[in-house]
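Starting off, we have a lone chain in the form predicted on its own, written out as structure tokens.
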Amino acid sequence: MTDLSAARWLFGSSLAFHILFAAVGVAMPLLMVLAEWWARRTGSAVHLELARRWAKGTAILFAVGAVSGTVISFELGLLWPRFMAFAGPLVGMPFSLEGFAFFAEAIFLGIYLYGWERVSPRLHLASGAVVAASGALSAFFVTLANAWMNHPAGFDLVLGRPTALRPLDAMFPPGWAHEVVHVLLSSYAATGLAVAGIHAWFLRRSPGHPFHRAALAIALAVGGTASLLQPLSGDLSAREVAVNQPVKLAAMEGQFATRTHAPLHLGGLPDVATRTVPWSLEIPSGLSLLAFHDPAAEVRGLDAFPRSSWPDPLKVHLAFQVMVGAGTAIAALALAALALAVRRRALPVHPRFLLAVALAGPLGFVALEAGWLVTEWGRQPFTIWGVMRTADAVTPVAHLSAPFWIFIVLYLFLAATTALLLWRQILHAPPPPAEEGRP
């Protein structure tokens, strides 16, 4: 393993670990606030207990996310010092604002956790709303920095150095809105469906249990709504990529040749040597239609770009297919849940439906991880698209494989500890009251 590969694997594994907790930090506060809001409105003791339980889970996951996020902030400077020297003056603003959002989330999460019966119900609920808003803002600002890496803006490049810096232009580069919306929706969809899957599993074992029914209803409402909106967001994002990052689109779809009526490849394994996609199902004109809403539109293939600037089409295409497949599956499940709820005018709790929800629970996070792989792999070999190659951004320090394996062990330990804490404090907590009463 080269030092460049070790640096990429170390940073990539850190991001893959952290993104799970970051997504939960965005969506889980919304679930707990909705549970408490319903409890305050209706006097439901079950929903009040649900809000308390979800708050404990949020605190555990937030703590692990804070640790892993701190590791990433150090890795940015230690592994990629040349990137930080170039990008710091330009994307320092969104990173700084993300820090403020993080601190606000931590402060008000403390008020929410320890303010039960100590502050007024309205203030307590408001503190939860601030936690939910701060989590979303944190993801918003971080995604702005990533959008800049995909489409750098706000500076003039003179002799390899950024000049005439325009921080606001850098903070809101072309395509930022599509990427932000896509990230936020993926967080709500993944977390909502995962939580729904857990409670659906327990509801199969204890049919009619009021606690799990209440939890399933809220989680499905949040995760299902986001899952149904995600394909619309994905369509907008794909069209933005087609205009601003055409080489990434070509790698995503295994499109080697520039052509009109470009086909859409479902499945398959792109082969760089033959410039074909064996074992794929081709939909004629599908890519032209999706990318430009015109079946006759010309789509630039990988042959329109220097070979040295190609992402790896095999990895990018496979990650994209996984993302789309998992996202389509949870969107179909959400649509089925909506149809059943409308037809029966009640929460669908048929055992087969609950089994489907339980089995589909992890798919949202699978789609989330695959989507980030598409974003990051699709930008290679650049860390700042068209400006700085990843090989030029890495630290000159050698022997990076050693810390890579150390951190892998650390992340496995943190994952096991987190799972144990959630199991003991959330899943094995005393059963909630079955009767309804004023909280």
Partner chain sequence: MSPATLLAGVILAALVFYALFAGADFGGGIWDLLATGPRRQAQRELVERAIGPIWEANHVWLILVVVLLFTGFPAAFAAVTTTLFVPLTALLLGIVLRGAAFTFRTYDEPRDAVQARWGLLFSGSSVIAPLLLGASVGALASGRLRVAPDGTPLSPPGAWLGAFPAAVGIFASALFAFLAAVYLTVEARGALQEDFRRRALLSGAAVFVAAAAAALLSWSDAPLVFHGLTGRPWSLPLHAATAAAALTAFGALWVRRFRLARLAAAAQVALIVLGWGASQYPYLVVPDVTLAAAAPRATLVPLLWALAAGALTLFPSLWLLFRVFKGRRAGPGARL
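Positions refer to the first chain, counted from 1. Because the structure is a prediction, the values reported are computed rather than measured.
Same protein, other form: the form predicted in complex with the partner chain, not shown, and the subject of what follows.
Report whether the minimum heavy atom distance between Leu76 and the partner chain in the predicted bound form is within 4.5 Å.
Leu76: contacts the partner chain in the predicted bound form.
Decide whether Ser309 counts as a contact residue for the partner chain in the predicted bound form under a heavy atom distance cut-off of 4.5 Å.
Contact with the partner chain, no.
With the cut-off set at 4.5 Å between non-hydrogen atoms, does Thr42 touch the partner chain in the predicted bound form?
No, Thr42 sits far enough from the partner chain in the predicted bound form that none of its heavy atoms falls within 4.5 Å.
Closest heavy atom of Phe407 to the partner chain in the predicted bound form, within 4.5 Å or not?
So Phe407 counts as contacting the partner chain.
Find the only residue in Pro167, Pro263, Pro362, Gly325 having a heavy atom within 4.5 Å of the partner chain in the predicted bound form.
Of Pro167, Pro263, Pro362, Gly325, the residue with a heavy atom within 4.5 Å of the partner chain in the predicted bound form is Pro167.
Pick from Phe102, Trp176, Tyr188, Phe320: which has a non-hydrogen atom within 4.5 Å of the partner chain in the predicted bound form?
Flagged contact: Phe102.
In terms of non-hydrogen atoms within 4.5 angstroms, which of the given stretches 68 to 76, 263 to 271, 208 to 216, 282 to 290 touches the partner chain in the predicted bound form?
Heavy-atom contact with the partner occurs in 68 to 76.
Does the partner chain come within 4.5 Å of a heavy atom in each of Pro89, Ile111 and Thr395 in the predicted bound form?
Every residue of the spot touches the partner chain in the predicted bound form.
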